[in-house]
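Take a look at this single chain in structure tokens; it is the form predicted alone.
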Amino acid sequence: MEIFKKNDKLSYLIHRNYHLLPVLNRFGIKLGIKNKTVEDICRERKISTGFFLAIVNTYHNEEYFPREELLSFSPLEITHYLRKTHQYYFQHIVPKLDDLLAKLIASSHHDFKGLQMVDVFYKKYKKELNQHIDHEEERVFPYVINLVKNHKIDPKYTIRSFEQEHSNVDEKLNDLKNLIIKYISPDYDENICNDFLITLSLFEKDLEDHARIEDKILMPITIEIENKLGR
């Protein structure tokens, strides 16, 4: 299993896995990085090198998940990264999926039933995703930030409430992919369809990592803080 280190050139990480590009953007890192190392870039941008490496390695390797190391980071770092991830979803990924699906439907002249079923399922999924992320942005993250900064517990809310409400919306993307792979008629532009499926698959992987950080890291850290404050 390949593990990136602080002395690796950042360009090497990108060459090894170009899917890391959106992750780098969430840390405010843009291209034009010359031959600088991970440590150089993190120092310039005032990023925690340890946190950056933990995130990119977690994203790069499915088997890699340094739970103890991640549990040592501040919830503020984690929520900031997760919020940047949400922005990426709604400013880039979801609009791209909207556009590709519209083009896919327009490319078919006969498969109205199959693609209409895909469109209905996708819109329902997108609504659930919006509700889920809105809850995190408006309730969960502010609660965690207030807990860390002010050391005050909300008597009407705990992070365990989020655990109970937390639905794995990422799992439904697999159902959407299966719907397309198995049930639409072969009357469509295959290149558009391939782009749509590839984008869905990348989104699914990103959501899985996102949920893993929330469930395995943010929640345990927050529960520990609540316990120390006498919850």
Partner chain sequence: MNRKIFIINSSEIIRKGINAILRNYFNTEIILLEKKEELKGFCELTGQEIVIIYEYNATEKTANFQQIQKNNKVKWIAFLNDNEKPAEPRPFCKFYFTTKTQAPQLQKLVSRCWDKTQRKPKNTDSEELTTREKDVLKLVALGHSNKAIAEKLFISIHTVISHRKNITEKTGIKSISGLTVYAILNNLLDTETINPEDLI
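This structure is a prediction, so every number in the text was calculated from the model and none was measured. Positions refer to the first chain, counted from 1.
Absent from the display: the form predicted together with the partner chain. The rest refers to it.
**Student:** Within 4.5 Å of the partner chain in the model of the complex - does that hold for a heavy atom of every one of Lys113, Phe121 and Asn178?
**Tutor:** Affirmative, all three are within 4.5 Å.
**Student:** Can His210 be called a contact residue for the partner chain in the model of the complex at 4.5 Å between heavy atoms?
**Tutor:** No, His210 sits far enough from the partner chain in the model of the complex that none of its heavy atoms falls within 4.5 Å.
**Student:** Is there any non-hydrogen atom of Met117 lying within 4.5 Å of the partner chain in the model of the complex?
**Tutor:** Although the partner chain is absent here, Met117 would touch it in the model of the complex, with heavy atoms inside 4.5 Å.
**Student:** Does Glu171 reach the partner chain in the model of the complex, with heavy atoms at most 4.5 Å apart?
**Tutor:** Glu171: yes, in contact with the partner chain in the model of the complex.
**Student:** Considering non-hydrogen atoms and a 4.5 Å limit, does the partner chain approach Lys216 in the model of the complex?
**Tutor:** Yes, Lys216 lies within 4.5 Å of the partner chain in the model of the complex.
**Student:** Can you pick the one in Phe203, Phe51, Phe65, Phe27 that has a heavy atom within 4.5 Å of the partner chain in the model of the complex?
**Tutor:** Checking each option against the partner chain in the model of the complex, the one that comes within 4.5 Å is Phe65.
**Student:** Quick check on this chain: which one of Leu197, Ile47, Ile33, Ile184 has a heavy atom within 4.5 Å of the partner chain in the model of the complex?
**Tutor:** Contact residue from the list: Ile184.
**Student:** 151-159, 130-138, 67-75, 96-104: which one contacts the partner chain in the model of the complex at 4.5 Å, heavy atom to heavy atom?
**Tutor:** Answer to the contact question: 67-75.
**Student:** May I ask you to list the residues of 1-28 that have any heavy atom within 4.5 angstroms of the partner chain in the model of the complex, in sequence order?
**Tutor:** Residue within 4.5 Å: Met1, and no other.
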